[in-house]
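In the structure tokens that follow, the same protein chain appears in two forms, which are kept apart as structure 1 and structure 2.
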Structure 1
């Protein structure tokens, strides 16, 4: 007797039991059931890359109010919304980002430009200017008068407040440590031989007594305020314009350099940077880490804002608009979703950190689709077409030509070096790694 069975599909297993229920899905992952899976996935990846570029509308808003160029931006560390900006005409504005409103607006906070801003605890704000004053403001009280004024001896260039304490540091021709309750600086920090102008100063975020400064003599210096002296000094090829400590890796430091590059240093090994970030075509004027520590933003003299992934030294995301002038200050907001740039045209601009991110509520299905598209592009980025679409950025013509010119010049330099080496005795000069060229000397 032959046992016979014939294939039957049970409709109850494949049909929705009640109207409105989702239709049950059955899967068979056998690759033969999915012909052209790769080709179709590639097509989907191309579409995903195109959609990503289609939705890339990074510009959110411009905050107006400054009469002159915006010099400095600062974020309140424990708030998602509060940001302060200071400009060349001495104006000072505290913005509320989500409402696009001004919490505090002082048209003449300083005589001359406001050169440094930082938040203290309890909604207070410290500003310093070239008028040799540090002013302490309370922006909750709707009062245009400063709470306190700390007079200094030289024009200040930068200010930074230690987190969760009364201390702050200023940079002028020397680094000074101040107490909020005292009107004179507690201590002066300087390297005995230096005659520099200190252009920026920042406290380490985790080891709060460590202080880093950069100066006009192409140096950056590390201080310990407990010992009250400079610990290390590194002389570089070109001067740095801004610095930032990593919020997640305490030993990591980011420098925005005049030579169009950004450098991250591990302060345990100061003889060479651990990564060079190359894309700007003019001096980098400012930099700021994302609170996640995985990316950072930089603004440059080339009128662009660039967003970098840590460890990837090339092809950053680049933002520009027609009316944005030299970017003097940039900022990552504390929720890591937005980027702020202050530029010579007097506007503070808000950008999305991810150019094609959708603001507003995203449903779970939409989120899943977005994530799938992202992973597709990521998987197929080596494909010629997908990679081209995902990588290509339109640049303003001056930036593009400047980049080309720069590339030509660097290439010529490299070729020349190579030829010189070829025509000297073998082994006389060895090629130096690009990273090793940056630091001239390390002093301690």
Structure 2
């Protein structure tokens, strides 16, 4: 009698579970059976990096309407689509991003430039300008007249609203706290020895009684509005142009500096920054965090917009166009998918946060393929060819030339310090780390 052995297979392991799904394939995962698997994976990683750069089309659209340079941008915290912009001609526009339309357009909201914007509750918007007025608008009513006007004694440079109350702060020659229900400031925040012009103020997103400001005398100050006085004040090497609080780490703060760099500080330790971000070749004029807290955007006078990964101080994503002039304001949308920039040419431009991301409906199979290619690039980013392709960015010739000149100057400074330590008595002291040179002193 002949004994017959029958191989039985489970049909569910060889048939697609749903119509349209790929047919399951059985694979032998023994590495000895696939001696060329690593070489094939590297080739796939190189191709994935090339595809990522090939499909990098970050520019989405430009929102027109301003006659002069766009000075400031603001987003509504509880909306994915509403963004406001103010310009040097005094114009104010509230945009609807998905429809590319204007919810509110006031050509002469202020006499002179609009220097600050922030959203309040119930579809209201606060704006300030160099005409010494703060105006409250209701953009749902389609009314060109402000709901309320708060007169001041000096030109305003910035404004910010608390998330959970009717208080807002303004920056001029001092920091003032206002109440929406009162026509005069309820408190003034200043230091007796300071003669600065405050250029920007921001409330902490978690501890709303903490307020940060930067000034023209290279100062960075922390206030507590409950005590009505400055708690900590730091004098830096160069003045800062913008600041932003991290949305996920309440003690983390981002500063955009005049020395072409950005700095992240922990407010518990203000003697030195946590990280220095170097790539701009001109003054950095604006910065804003992503809602996820893992990246942030910056714009500067080198006419580029750069997207940085938190903790990585080099090799940011770079966006630029032929017509875009000096970038004065940048913004992340509340869904972290898009970046907005305002520049001297009067346009508000919309960019993709991920340059090669595909807009529209993406199927599950396409999403899986995109994630697989991204994981390949991440796994092989230390490879010489994969890393070079992933890092390479084409820059305008003036930016590239300025970058080479800046590197030459920094190298000459490094060589000079090295020779001074080697041949003079100044070399007896230990060299100072770069992070230790940013902050000069702290005043109390």
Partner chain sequence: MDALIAKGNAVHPLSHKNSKKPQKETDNTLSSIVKNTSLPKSFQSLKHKASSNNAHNHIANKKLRTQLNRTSEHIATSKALLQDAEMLLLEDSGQMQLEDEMERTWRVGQSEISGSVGQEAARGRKEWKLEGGPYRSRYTRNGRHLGIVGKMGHVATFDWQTGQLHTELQLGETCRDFTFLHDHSHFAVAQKKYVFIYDRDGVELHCLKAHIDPTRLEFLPYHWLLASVGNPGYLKYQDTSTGQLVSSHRTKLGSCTTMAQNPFNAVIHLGHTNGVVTLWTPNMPDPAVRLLAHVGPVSCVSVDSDVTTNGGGGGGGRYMATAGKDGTVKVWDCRNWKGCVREWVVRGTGDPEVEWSQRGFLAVASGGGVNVYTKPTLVEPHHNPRITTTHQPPLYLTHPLPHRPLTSLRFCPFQDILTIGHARGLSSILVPGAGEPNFDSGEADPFEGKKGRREREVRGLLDKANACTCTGSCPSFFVLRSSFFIQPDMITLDPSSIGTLAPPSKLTTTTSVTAVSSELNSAALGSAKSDIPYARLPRYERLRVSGKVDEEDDDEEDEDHDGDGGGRKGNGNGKKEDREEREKRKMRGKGKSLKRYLRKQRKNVVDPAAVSASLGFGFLFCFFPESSPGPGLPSRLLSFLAIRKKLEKQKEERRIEKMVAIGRIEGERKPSALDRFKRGIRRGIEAKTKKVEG
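Because the structure is predicted, anything quoted here is derived from the model rather than measured. In this text, rigid core is short for the largest set of C-alphas that superpose within 1.5 Å between two forms. Positions refer to the first chain, counted from 1.
**Student:** Does the form predicted alone correspond to structure 1 or to structure 2?
**Tutor:** Here the form predicted alone corresponds to structure 2.
**Student:** So with the core overlaid, does the Cα of residue 420 end up 2 Å or more away between structure 1 and structure 2?
**Tutor:** The answer is no, as the C-alpha of residue 420 shifts between structure 1 and structure 2 by less than 2 Å after core alignment.
**Student:** Core-aligned, does residue 13 move its Cα 2 Å or more between structure 1 and structure 2?
**Tutor:** Comparing the forms between structure 1 and structure 2, which are aligned on their rigid core, residue 13 does shift its C-alpha by 2 Å or more.
**Student:** Given the rigid core as reference frame, how large is the C-alpha shift of residue 24 between structure 1 and structure 2? Answer in angstrom.
**Tutor:** Value for residue 24 between structure 1 and structure 2: 3.5 Å of C-alpha shift.
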